[in-house]
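Shown below, as structure tokens, is a lone chain in the form predicted alone; questions about how it binds or moves come after it.
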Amino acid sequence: MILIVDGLNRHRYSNLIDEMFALRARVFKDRLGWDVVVKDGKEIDEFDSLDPAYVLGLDDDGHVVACVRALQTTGPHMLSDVFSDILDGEPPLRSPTLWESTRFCVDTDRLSGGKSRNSVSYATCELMAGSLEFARESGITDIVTVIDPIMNRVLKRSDCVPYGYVGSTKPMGKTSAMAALLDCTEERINRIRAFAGIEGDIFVDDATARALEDGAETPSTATMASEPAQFAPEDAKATPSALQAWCQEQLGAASSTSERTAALDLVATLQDAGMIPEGTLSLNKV
């Protein structure tokens, strides 16, 4: 599942941001040998102070297993200020509808092989699709991304072939760097989804987003992530009778096995928490 963290909500997710920085340190410093600064086990650079947007890929336990950073090209960004050698003397591309995507990485230690939901392949494609969907909904038409040849091959294998490149490939650490161009079109997103078998909304719903906030005391993220977005009372201070009525409504509205299972799990959670008494609901579909 995908969570967007930006300058407006970053203060709510400092724990997840720290997980992201730690993942970046393991990938870019330890695995790839990039010349990046790591302090206290976290890789943070000057561009992280410019209020970028982060697209975080989370596992069912709410841990960061993939991430990418999105930054406007109208101001300082990595291609113009760090990787300018790639441009071969040409000026950087700048546009309010062209954003830069950098620090794309996936946790190969926590994730498995194959193409299952908890695999490296699935998490990679989900992050690609999520970042492009977020960009498109934000009015961004194109992405320029600084990648290495391995990531370039990943893009091609995932049916997300760049439509162009800027400048040329240059050495960087144990590998090399290049700048690729991607359009944020529905066609590209659908190709990625089809390749990985991704269906439905991949972004966290409001209830799960609240559960992921720093210090939140809520039912487990794994349970909430499996629930449709409507499985959350609008009034957090609802009375027991109101909660009973709402839960009964969700049980009656369930139109599939997965929805009914999610509704029953939620009922059990509320009963265990003493928020609604046992034996007060009809568990038969109405």
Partner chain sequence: MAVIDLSKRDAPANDLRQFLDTVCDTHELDYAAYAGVNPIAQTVHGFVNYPDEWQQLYVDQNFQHRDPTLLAASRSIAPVDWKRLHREESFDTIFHAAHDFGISKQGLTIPVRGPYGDIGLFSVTRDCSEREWQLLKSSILSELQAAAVHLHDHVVQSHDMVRRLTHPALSQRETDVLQWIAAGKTQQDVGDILAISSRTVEVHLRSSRTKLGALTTAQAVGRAISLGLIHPG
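Numbering follows the first chain given and starts at 1. In this text, all values refer to a predicted model and were calculated from it rather than measured experimentally.
We do not show the form predicted in complex with its partner chain, though everything after this point is about it.
- Contact annotation for I86: none of its heavy atoms lies within 4.5 Å of its partner chain in the model of the complex.
- Within 4.5 Å of some heavy atom of its partner chain in the model of the complex lies at least one heavy atom of D183.
- In the model of the complex, its partner chain lies farther than 4.5 Å from every heavy atom of D45.
- In the model of the complex, at least one heavy atom of L50 sits within 4.5 Å of a heavy atom of its partner chain.
- The stretch among 196-204, 75-83, 114-122, 145-153 whose residues place heavy atoms within 4.5 Å of its partner chain in the model of the complex is 75-83.
- Put simply, of M172, I140, A211, I192 only one has a heavy atom within 4.5 Å of its partner chain in the model of the complex, and it is I140.
- Contacts between 1-16 and its partner chain, taken as any heavy atom within 4.5 Å in the model of the complex, involve D6, G7, L8, N9, R12.
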